[in-house]
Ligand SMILES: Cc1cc2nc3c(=O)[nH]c(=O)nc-3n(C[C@H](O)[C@H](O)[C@H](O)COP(=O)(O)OP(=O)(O)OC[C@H]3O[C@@H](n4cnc5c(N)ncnc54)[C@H](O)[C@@H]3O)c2cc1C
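A single chain, nothing else alongside it, follows as structure tokens in the form predicted alone.
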């Protein structure tokens, strides 16, 4: 029996919900890619700990999938197992005296709306970012206005060996679009927010959202920003300056609205997206002497 088959057998015995032979394209914003042998949806933290422990013991690589907005999945059979935190236990949010406890599976946008309604400031700069709390923390999601780590106090995680830990912000090693949470799965996070006028906060959030709607291809299938901004530069402007805005490989295209987005025109493949990424990186390297670093996560 393969490690994936054995993992499924153990999860079934423990009552942990999972699916075999799961296509991932329908679960991602880009809508491309192959399938995994196993996708688990634990009911609670105890299930998640068991899953991580068993996967580690069997040598199975385990990745966590949130809303699928920042991941590019390769074609064919992907040699890993995936966990999604869709159960209610991972989506609970509690707010008390400026302290917010949010489950890793909670969607960022409704969380922001709730904090704004209660006059809590600190998360409004993240409006319009499609992510779960856990996914946003894993990459330290943010914009020019703020990053999710800015208001963070601590993170509850399950590590690769199935051990539950609470990590203070100082141990999470946050940087620009990165964190030290790789190899762990976030259970929940605690934030400390300031106070503000609810209407003023909502207006600030609306302004950010309107700006994104004007400048980004929000209605198209994409994986969000493909590249990180180099220090002091804009990846989108570099790509545009290299003459690559609108460039195509099959049904994958560099967005003509924002050059740091690659969009699926309909029926694109992961291979086409990958070739376009390589073409853009090479074009910017030759034209501007800058090596673009990926922001999107590629599986495997």
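Residue numbers count along the first chain shown, from 1. On a predicted model such as this, the values are computed, not experimentally measured, just so you know.
Another form exists, predicted together with the ligand; not displayed. Remarks below refer to it.
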query	finding
The unique member of 202, 169, 177, 190 whose heavy atoms fall within 4.5 Å of the ligand in the predicted bound form	177
Listed residue (206, 212, 165, 173) with a non-hydrogen atom within 4.5 angstroms of the ligand in the predicted bound form	212
Answer range among 191-199, 92-100, 70-78, 112-120 for contact with the ligand, defined in the predicted bound form as heavy atoms within 4.5 Å	70-78
Contact of residue 65 with the ligand in the predicted bound form (heavy atom, 4.5 Å)	yes
Any non-hydrogen atom of residue 129 within 4.5 angstroms of the ligand in the predicted bound form	yes
Contact flag, residue 182 vs the ligand in the predicted bound form, heavy atom cut 4.5 Å	yes
Proximity of residue 149 to the ligand in the predicted bound form, heavy atoms at 4.5 Å	no
Within 130-145, the residues that have a heavy atom no more than 4.5 Å from the ligand in the predicted bound form	130, 131, 132, 134, 135, 136, 138, 139, 141, 142
